[in-house]
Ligand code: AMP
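Next comes just one chain, in structure tokens: the form predicted on its own.
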């Protein structure tokens, strides 16, 4: 039997969701300590399935996901940080920091102080400069306190953070077969092996890629979900072969959802403002604009007067619940498209059209809700819990590993109801 069928939460009106979660999203930043005991911790494997949603499981035959969920705990859905893009959300998961506090404001952007562009590239590219990355990821926290951490892909895992890197890590290469990724991590986690890792990550991106290319409701995405179910089955097999079935905590998580888009829902920025008056720091659907000197008011008023299918904010007007004001990289104007709409310019649209699916919208838009499930010796069995926020996952990881967390925006104990 599929879980979360006809889940009413997934179809709650957006305005009501804002009211319900605004208070949850405005938790003040403070230093929290997880409960540390002398008892040895169980190893933890954190697995990201990029662009994955509960509804993907509901509408497909996924026996391995069903098995995993029946033996663990699942959230009705996971609420990501804003903006709901891969690099910002993944870095928030492993640091427990909102984007305004860690500084990875988009998947690609320009930093005027560093005079450099952040964009994923080869191992020697600028994103691997630790000056980009605010906060301390969980693998650095673990290594700093005598634990052994390994990563087989995670956005930001190639960078040294305060001189610390995982004991084992791999430069991102999407062509590496999924089975090789799993085999390597299980070798590193093997209690009889040379590494005996306490913490590990895995990352899979193909569900997200097919969602972009074909849209979230496409048969191609369904095929990707079935493929991912097979990969999860392979992982479960390897966990059993390694003798970790009773000892390994596995957390399955995703970074954002996916919204269907089309060429009828387009916002042409070049028909609203003079693009010579701005630098576009980041494009759709969370457009970030740095106006030329003396042009801020003119650009803002033009966007405000033509506001339709988007919302425009001066930086100081951005809703506090988005936690997207205070970092110097955030420019003066944010133009946020409504779910399903694309911000573009006419020449690009005529050449390329729009992708059938995308993300990056308001994190309380239901289309951006995503997936969280966990199974292992420390987690409850066969339970579904109310929606949770990704900002608290770092504190949960620290508690599972029995280490002191670095300062973060999450709340200690917020996710302890997932535990036995």
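From a predicted model like this one, the values you see are computed outputs, not experimental measurements. Positions refer to the first chain, counted from 1.
A second form of this protein, the form predicted together with the ligand, is not displayed here; the remarks below concern that form.
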property: Which of 312-320, 276-284, 69-77, 150-158 lines the interface with the ligand in the predicted complex (heavy atom within 4.5 Å); result: 150-158
property: Heavy atom distance at most 4.5 Å to the ligand in the predicted complex, all of 95, 392 and 411; result: no
property: Residue 120, heavy atom within 4.5 angstroms of the ligand in the predicted complex; result: yes
property: Distance check, residue 101 to the ligand in the predicted complex, heavy atom within 4.5 Å; result: no
property: Contact test in the predicted complex: residue 212 vs the ligand, heavy atoms, 4.5 Å; result: yes
property: Touches the ligand in the predicted complex: residue 172 (any heavy atom, 4.5 Å); result: yes
property: Residue among 136, 208, 198, 143 with a heavy atom within 4.5 Å of the ligand in the predicted complex; result: 208
property: Answer option from 86, 249, 344, 261, heavy atom within 4.5 Å of the ligand in the predicted complex; result: 86
property: Residues within 4.5 Å of the ligand in the predicted complex, restricted to 350-380 and counted by heavy atom; result: 359
